[in-house]
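Quick heads-up: it's one chain on its own, the form predicted alone, in structure tokens.
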Amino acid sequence: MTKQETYHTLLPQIESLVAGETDAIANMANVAAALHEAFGFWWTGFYIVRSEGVEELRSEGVGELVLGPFQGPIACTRIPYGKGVCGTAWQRAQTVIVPNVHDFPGHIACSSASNSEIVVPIMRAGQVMAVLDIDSTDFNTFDETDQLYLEKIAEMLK
């Protein structure tokens, strides 16, 4: 099955998983599991925008990303605004695809096994509320097909 066919099959499954469920954490957990199972990515999960306890950032209205539901090995717990691939996607409020994370300025290496990454912002009321982060042990794993379908999934999590 091609990547596009896998996403095409997965979209209605994810839609039925999140339909009617109002708890964002529960939905993120199921989406991470569904994507991880379907594709076998190295790491699949979410970081959630938080500002509690970060007084200097809260005063600027920013905050940090805090680890949310995920599938895969142990991950970084907190990521500052604008740092690494996740923080950059948050700052830009747009998807970031990195074919080789070792070439990304300021990459945060939660695992040396990760070689490529895609991060998709989850938007609510015009603000990034979380990011979907997917890592692969292969280089050049992610492309416009991933971006298209993962952004559709992100829309389901509003």
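A quick note: this is a predicted structure, and the numbers were derived from the prediction, not measured. When you see a residue number, it is the position in the sequence shown, counting from 1.
The protein also exists as the form predicted in complex with a small molecule; that form is not presented, and the subsequent description refers to it.
K.L.:
I have Ala75, Gly84 and Asp135 flagged as a candidate spot, so tell me whether each of them has a non-hydrogen atom within 4.5 Å of the small molecule in the predicted bound form.
P.N.:
Answer is yes for this spot.
K.L.:
So which of Ala33, Ala26, Ile108, Met129 reaches within 4.5 angstroms of the small molecule in the predicted bound form, heavy atom to heavy atom?
P.N.:
By the 4.5 Å criterion, the partner-contacting residue is Ile108.
K.L.:
Is it the case that Phe39, even though its partner is missing from this view, gets within 4.5 Å of the small molecule in the predicted bound form, heavy atoms only?
P.N.:
Taking the distances in the predicted bound form, the answer for Phe39 is no, it never comes within 4.5 Å of the small molecule.
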